[in-house]
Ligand SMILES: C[S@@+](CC[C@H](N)C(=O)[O-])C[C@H]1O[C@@H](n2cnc3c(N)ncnc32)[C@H](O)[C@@H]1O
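Just the one chain here, the form predicted on its own, laid out as structure tokens.
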């Protein structure tokens, strides 16, 4: 299996969850307040519940948003994250590396990797590990944004349009190297409305800018404004054959 990012084609987005927790909080707030559809976690939790998995591994699950939703549905979930804020997730939780999971083969009925594979230099390693710890026929689900996400903000977002190690343009191809893809849900809609400069500032802060830079760049925007979200959610099943190192 090849590894996107291993040959330098795409860049891994720097994980800043411990070094800049305000950025993460701003992103959650902006999504909750200004998105017409919210985040994907409730949708994923609902669909996993219909599949009736006996145990779910949430890779890069952070503070446990998906785990809490699954817990409400009586689905046992383990959260693994390399950032220390995993301590806020409901137990069981593991501070660890998605590329070296401390679980036996076939330990889980489903593995989720939501908004996290683009933080990895070699996401293929995490996909191989997800394949290993899934039971035969188990479910894998991942999501990511497009390189051209938020096109209305292209003039103010640093590195807008740049390829990452795992973006919507290549997500299906990358996942299909390890799993049998069963469903692809993509979006390209103006799901976000920023009513004023303060909202735009919060949104830009959530996209990785410092408070000062977000304030400066938000002043260049005409509000109210709509922002188009582009991305993909991929559902897949574990193949029976082993995954090579590539």
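Residue numbers count along the first chain shown, from 1. Given the structure is predicted, the values throughout are model-derived calculations rather than measurements.
What follows is about the form predicted in complex with the named molecule, which we do not show.
Using a 4.5 Å cut-off to the named molecule in the predicted complex, not one of 161, 205 and 216 places a heavy atom inside that distance. In short, of 147 to 155, 70 to 78, 108 to 116, 164 to 172 it is 108 to 116 that has heavy atoms within 4.5 Å of the named molecule in the predicted complex. Heavy atoms of residue 197 never reach within 4.5 Å of the named molecule in the predicted complex, leaving it off the interface.
Proximity of residue 17 to the named molecule in the predicted complex: non-hydrogen atoms within 4.5 Å are present. The named molecule in the predicted complex comes within 4.5 Å of a heavy atom belonging to residue 62. None of the heavy atoms of residue 235 is located within 4.5 Å of the named molecule in the predicted complex.
Exactly one listed residue, out of 98, 141, 89, 133, brings a non-hydrogen atom to within 4.5 Å of the named molecule in the predicted complex: 98.
Heavy atoms closer than or equal to 4.5 Å to the named molecule in the predicted complex belong, across 16 to 51, to the residues 17, 24, 41, ordered by sequence position.
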